[in-house]
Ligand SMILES: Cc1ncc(C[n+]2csc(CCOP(=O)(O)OP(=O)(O)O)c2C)c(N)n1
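First comes one chain, alone, set out as structure tokens in the form predicted alone.
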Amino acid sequence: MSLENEKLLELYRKMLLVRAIEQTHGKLLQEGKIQLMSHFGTGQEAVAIGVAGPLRQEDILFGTHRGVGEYIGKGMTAKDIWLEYLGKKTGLCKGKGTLHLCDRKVNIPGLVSSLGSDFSYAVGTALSAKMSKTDQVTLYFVGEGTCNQADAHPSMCMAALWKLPVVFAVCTNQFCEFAYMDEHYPTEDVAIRAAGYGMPYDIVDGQDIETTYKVTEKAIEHARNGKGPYLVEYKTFRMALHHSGDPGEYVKSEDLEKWGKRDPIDLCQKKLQDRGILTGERDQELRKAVQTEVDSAVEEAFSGPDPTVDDLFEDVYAQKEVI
């Protein structure tokens, strides 16, 4: 399941970029320079980047609140993310989205405020693609906790019944907010629910970027070729707490130690070095370049124009053309 050298190096750079964005976010929070709360995806980078990587620009991605991985993977930039994070007028949503990222140019409709309600949105965009007879695929990236929301089952049922081009990509990070998954689920896996709808599914290691990329690529092609929906469950671990300020007393130290030894960035780095693609010197240059990209994005965002009071009343209602 090996990827081409350049592709693997590109995915590695994106994972480094995601980690750098979130580490910088955490640092700014600690220094009191921003008030934007965090829901970091530390340790889940191989899932988020691997899930978004095989998508085409015209494909639709519904993402999560857990970090920025899938957004970077689909094509958003650090600059666009930070302008919106800091509520700037030059942000993609003119500073009105902040954590609820949206980027129309790469077909990211935007994060909903009520997790799980976008199950039905994803089915809707997939239905639209089928009715329009395009080969556009919708990928819904979702956590296992959100799969217990009310919209999950009817959405998957309709997707299977109508053979819609949608991929349900479930990131199982072992936690549902402030508790372990087993306090919310009577089963170890989420993916087996797909069998109830006659939907094919896979359960894979979420720490290996090549695995996550390849299995997602297979699921996307299945959906694109008119065979209906596909569900993939990626087993990973949320190394970060649920949000900034979470005391984290529920997290077992032995789990942090065990999963920390399988950090997806470290695993990818070793692959690249073992295959002679990446030297230690080149790795340091890459990490420095990534951090510089993030620092420049943050600096530009801080100096960007803030919205005015008048902007509160813009984009509230659709503008009707007067004839």
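Residue indices: 1-based, along the sequence shown. Quick caveat: nothing in here was measured; it's all calculated off a predicted structure.
What comes next is about the form predicted in complex with the ligand, which does not appear here.
Enquirer: Which of these residues, M239, L115, C102, L99, gets a heavy atom within 4.5 Å of the ligand in the model of the complex?
Expert: Filtering the options by heavy-atom distance leaves L115.
Enquirer: Taking the ligand in the model of the complex as the reference, which of H65, R262, R287, K271 has a non-hydrogen atom within 4.5 Å?
Expert: In short, H65.
Enquirer: Flag L164 as yes or no: does it have a non-hydrogen atom within 4.5 angstroms of any non-hydrogen atom of the ligand in the model of the complex?
Expert: Result no; L164 lies far from the ligand in the model of the complex.
Enquirer: Would F175 show up as a contact with the ligand in the model of the complex if we use heavy atoms at 4.5 Å?
Expert: Yes, F175 is a contact residue.
Enquirer: Although the partner isn't part of this model, could you tell me whether G91 comes within 4.5 Å of the ligand in the model of the complex, counting any heavy atom of the residue?
Expert: Output for G91 is no: heavy atoms all beyond 4.5 Å of the ligand.
Enquirer: Should T146 be classed as touching the ligand in the model of the complex when contacts are defined as heavy atoms within 4.5 Å?
Expert: T146: contacts the ligand in the model of the complex.
Enquirer: Out of the stretches listed (187-195, 81-89, 153-161, 136-144), which one is close to the ligand in the model of the complex, meaning heavy atoms within 4.5 Å?
Expert: Only one stretch passes the 4.5 Å heavy-atom test: 136-144.
Enquirer: Which of the residues spanning 183-220 lie within 4.5 Å of the ligand in the model of the complex, based on heavy atoms?
Expert: The stretch does not touch the partner at all.
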